[in-house]
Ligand code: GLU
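Only one chain is given next, in structure tokens, and it is the form predicted alone.
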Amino acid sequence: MTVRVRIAPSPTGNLHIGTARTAVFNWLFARHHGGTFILRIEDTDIERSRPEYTENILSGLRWLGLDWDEGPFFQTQRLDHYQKAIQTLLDNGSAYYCYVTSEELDEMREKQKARNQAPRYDNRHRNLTPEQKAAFEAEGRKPVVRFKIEDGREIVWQDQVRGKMVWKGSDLGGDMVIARTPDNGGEGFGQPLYNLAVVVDDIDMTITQVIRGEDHIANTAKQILLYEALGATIPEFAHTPLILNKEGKKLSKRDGVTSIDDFKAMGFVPEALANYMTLLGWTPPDSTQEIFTLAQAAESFSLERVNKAGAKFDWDKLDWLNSQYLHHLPASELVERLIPYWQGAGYQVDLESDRPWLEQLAALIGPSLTRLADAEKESRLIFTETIEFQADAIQQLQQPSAKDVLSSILAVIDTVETLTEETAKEQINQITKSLGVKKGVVMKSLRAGLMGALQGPDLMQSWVLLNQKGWDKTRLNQALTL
């Protein structure tokens, strides 16, 4: 059997972390088995679907490195397939027209609520006579199409993550709607609903495994009944754990970040985020291994090692993973990823003439980065010609020997043709000897004068960068006026 799996997001919002994690698991499973990974856009919710959300989903999957083999397919381009399936279900007696009004449904639910009963449709229009149908139509009622679910039916499947699953038909809320009322009062049936459309799609695309979140378990029970009624082969199902916040509740917008765009804007790199998502609910054979590419994870991925329990989102773990990827990026690649953040901060960046200088800056701040967005703060003292002096720097600059140290350094700057880390260290040693002061005094005074603070990035590398712009002289002269 050739493995065929799919990811089927709805374009009613940006790509969500939960959907992206489901895509990761499907991709890993397909690549492990040499199978096919299909992308399908479930856009039958006309009112809420937006083209910009579709583009966001596509770009987000590409950014994460999740290439698809077929698609994207769009449900709105497959309406004739759903219409045909609905007609098949009507013809074989598995579905029927239901003329119940919304007011009648509200009244039914209120009575159930008063009796402390779970809301469910009572199947009242399942066996209408032709005369009853005609009477409803004469009133101007337009029907939905409902699929019959027998209360006494038991639905059983072997879940690839959770083992044997058993559901009773009586727990599925009565006969379910599979097609809306016809639009604009037209004839026939209207838009198909999720459970019908997804089953028809999976049949037509010969999906072999449906890998999705545990919040779809009840849908799976309903969909198995639809597969049977349509005479189709039922795929295997695997329900993955939900992503939870630190309180153990489903991760939501209230937790601040849920979309892939949010993580991107915060400065996470796709390799780290994809790596982290593989660990949200899956344990590699070597449980001590935490850093790997998607391709490496695919080599050992299996549904048997997907956990049943919810996966708690750990920001500290994601930050650590992200820092590991950033610290191992060569400066030439890191600078490409930092440029948008420098530009967003308003720093003046000339991508051509400043390229060597920017790469040196990337090498300087790289080891201290946790997220790409940290570059704004870490680079702030390098990107400006003049600076503000903090209290600790001012206190150091008011020491008796500080003025002599800065004056000596300024004199040296004019004599050194090209300042490098080595020549900078040599000059510091010479000034220390000539002034007869401790090296720590020279270094602290230089840092205070150059950086306006006593804490910051490597001093020698910073001096070299500032020297290349001529800003070291400006700052030291500024410090001497304090």
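It should be emphasised that the depicted structure is a prediction, and the values quoted were computed from it without experimental measurement. Residue indices: 1-based, along the sequence shown.
If you look for the form predicted in complex with the named molecule, you will not find it shown, but the lines that follow are about it.
Colleague: Just checking whether K142 would be counted as a contact of the named molecule in the model of the complex - the rule being heavy atoms within 4.5 angstroms.
Modeller: K142 lies outside the contact set for the named molecule.
Colleague: K222 versus the named molecule, in the model of the complex: is there a non-hydrogen atom within 4.5 Å?
Modeller: Looking in the model of the complex, residue contacts with the named molecule do not include K222, since no heavy atom lies within 4.5 Å.
Colleague: Please run the contact check for F383 against the named molecule in the model of the complex: heavy atoms, 4.5 angstroms, yes or no?
Modeller: No, F383 stays farther than 4.5 Å from the named molecule in the model of the complex.
Colleague: Does I207 reach the named molecule in the model of the complex if we count a contact as any heavy atom within 4.5 Å?
Modeller: Taking the distances in the model of the complex, the answer for I207 is no, it never comes within 4.5 Å of the named molecule.
Colleague: Which residue, R146, H125, R212, K264, has a heavy atom that falls within 4.5 Å of the named molecule in the model of the complex?
Modeller: None of the others qualify; the residue that does is R212.
Colleague: Identify, from the list R355, K250, H216, K308, the residue with a heavy atom within 4.5 Å of the named molecule in the model of the complex.
Modeller: Only one listed residue qualifies here, and that residue is H216.
Colleague: For the chain seen here without its partner, which of 190-198, 320-328, 338-346, 384-392 has a heavy atom within 4.5 Å of the named molecule in the model of the complex?
Modeller: Answer to the contact question: 190-198.
Colleague: Judged by heavy atom distances of 4.5 Å or less, which residues of 1-31 approach the named molecule in the model of the complex?
Modeller: Read in sequence order, the residues that approach the named molecule (within 4.5 Å, in the model of the complex) are R6, A8, P9, S10.
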